[in-house]
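Form predicted alone, single chain, as structure tokens, below.
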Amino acid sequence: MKTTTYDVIVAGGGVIGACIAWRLGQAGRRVLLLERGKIGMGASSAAAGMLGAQLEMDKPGPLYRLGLESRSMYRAFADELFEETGIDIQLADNGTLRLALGEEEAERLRLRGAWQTESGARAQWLTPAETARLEPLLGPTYGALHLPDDGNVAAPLLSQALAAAARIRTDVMEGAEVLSYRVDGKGVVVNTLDAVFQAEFFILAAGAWSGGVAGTPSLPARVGPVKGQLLSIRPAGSLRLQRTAFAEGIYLVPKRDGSIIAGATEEHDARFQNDVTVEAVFSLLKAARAVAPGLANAAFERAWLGFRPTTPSSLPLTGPDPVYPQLIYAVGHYRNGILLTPVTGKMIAEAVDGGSWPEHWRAFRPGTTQDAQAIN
């Protein structure tokens, strides 16, 4: 079988893989993007699209810094994608309310807001009355942490835009699952069912399916799926939810088209069970009504699912393999794949070019002390 040669081969056509391929193509590299299904149609397009750099971070550290950095890149990123593809990813700078439904939770969130403010981010504690005035559709709370800079995008449009950008700058093959790969003296040999390719670098960005690729020395079966089910509702009447509302077990993300995405379940034992269940839909609707009684008469639109890629540490693995630098990983982004897309594209482009990484980037390299449990 004839071997076709590229500078870089990227496995995975979600937002992470497509962004990496696009950035490397922009830099003049000859890139092949291999996608087992259709580019942009997996977990990326199923996401709610939250840019929660502050939302779920309960302590300072490298992941918090990385999230803030990536969020700060999003406006220019959205503009560049629009210029390249004509697709508006509907970036909304509408902020997020992290709701407290009990006094202990309120105290934890007040402390979280304090250290985030001390770190230079914007965070404001709202009383129950202030929360109700800001979002009348919500039910009683013990207050809320207002994060004005955590926005959201339309994940399906982001997926479409990055897919289009990758097609402009790289070769894209759909229905081309990577079965195995191996390092040889000339780089990396990559095998699909119908073809053999060779490249100087191979980048694994296959989401929840990354751990199943044969030949992965540091990730034999440690990157796996966490199933998440979501649904869309449309409010009745004139009142609208203006900001993302997040509480334990439920988030409500208002979109520019007037719909609200409610999600998401976290099913660690479901593996790749590709079905929307009555139990999940019922639990999400029940939680949405409890948090926002004003949405009780909203119209149900649809439900769907995706598979978040996670590692045992719940932290991403990004960067070269500690033994084989020709292999570069961009996997395990779990709940933050949409948020971390711009900065991950930049990180991998720097890795391919041999550039130096800042300290908070190096924390996610495979083989670091912090992530040892995820690759052993």
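Computed from a prediction, not measured in an experiment: that's the story for all the values here. The first residue of the sequence shown is number 1, and the count goes up from there.
The next section is about a form of this same protein that is not shown, the form predicted in complex with a small molecule.
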| item | value |
| --- | --- |
| Location of the small molecule contact in the predicted complex, chosen stretch of 23 to 31, 320 to 328, 305 to 313, 63 to 71 [non-hydrogen atom, 4.5 Å] | 305 to 313 |
| Non-hydrogen atom contact K346 with the small molecule in the predicted complex at 4.5 angstroms | no |
| Residue contact check: W209 to the small molecule in the predicted complex, 4.5 Å heavy atom | yes |
| The small molecule contact at P225 in the predicted complex, heavy atom, 4.5 Å | no |
| The small molecule contact in the predicted complex: A351, any heavy atom under 4.5 Å | no |
| Residue (of A100, L81, L230, L138) lying close to the small molecule in the predicted complex, criterion heavy atoms within 4.5 Å | L230 |
| Among the candidates V178, L252, A144, A166, the residue which, in the predicted complex, approaches the small molecule to within 4.5 Å (heavy atoms) | V178 |
